[in-house]
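Only one chain is included here, represented as structure tokens and corresponding to the form predicted alone.
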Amino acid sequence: MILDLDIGNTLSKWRLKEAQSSEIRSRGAVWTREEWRPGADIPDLDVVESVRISSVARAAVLDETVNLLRHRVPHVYVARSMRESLGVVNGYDEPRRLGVDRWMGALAGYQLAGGCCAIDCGSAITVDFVLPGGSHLGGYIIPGLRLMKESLKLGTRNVTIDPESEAEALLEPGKRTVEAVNHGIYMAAVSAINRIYSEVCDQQGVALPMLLTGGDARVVSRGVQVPHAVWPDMVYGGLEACFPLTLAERAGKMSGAPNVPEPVSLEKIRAGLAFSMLL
């Protein structure tokens, strides 16, 4: 059995994958905290032969997790942001400062689409671009939906946006404070994503497929104006590409990978951008 770990600032997500069949057996998440114990929080650790880790938590949390696992599991692989990997050249001046979750998403997106806009809708919303040919341009980081709500300090942080809400309703003026907050942060997030995508595609002269992941990907997806796909396991896909352990992974198959969305034409993107600048 293979254990994949995506340790974030807020949640630590995990899944168990069958090494022979590549079938996902179970998955879950726990709050990221210094005292968390993989052996207690993750079931069936005794049957795990290999662990793959992507972590943006504090170094002490990662070190303790790795030390614990190495006493229980034969093989532990830790992903790191690098200058170049799998045909992608890191766009950061100091490559290791790029969040490894963003790097995993960029690598997975490139393996799937050969160039992409990879968006992670978590505690922060990150937007990264990889051009055909493998040049990672860098990206953008804006507060996620929950962080934006907490920053307002209006006592509405626990009233979340329903992921089943229609985008049209979320973009209307709110008639209660909770609605006004939720609709405002939603408008800010999706407007930023739509504008960033259009601006970068215009600058680079290429229309890129868009891939979304993260806890708020489903609801953010409803307000994104260009063709896109939601890929919940995109970070895991990066781990699979970096450390292929199954026959399917060695053949280049990433679990749960969606069909690559066909982007609209660059001419249409530019026309929409030009129109928005006139408003």
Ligand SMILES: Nc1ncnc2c1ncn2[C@@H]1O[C@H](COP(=O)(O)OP(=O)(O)O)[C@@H](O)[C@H]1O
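Remember, predicted model here, so these are calculated numbers, not experimental data. Heads up: residue numbers just count along the shown sequence, starting at 1.
What comes next is about the form predicted in complex with the ligand, which is not displayed.
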Site status for the ligand placed as in the model of the complex, C-alpha superposition, 2.4 Å backbone or C-beta test
open
Check whether Arg146 has any heavy atom within 4.5 Å of a heavy atom of the ligand in the model of the complex, and answer yes or no.
yes
Quick one: is Gly122 in contact with the ligand in the model of the complex, heavy atoms, 4.5 Å cut-off?
yes
Distance check, Ser255 to the ligand in the model of the complex, heavy atom within 4.5 Å:
no
Can Thr10 be called a contact residue for the ligand in the model of the complex at 4.5 Å between heavy atoms?
yes
Can you say which of 223-231, 209-217, 246-254, 64-72 gets within 4.5 Å of the ligand in the model of the complex, counting heavy atoms only?
209-217
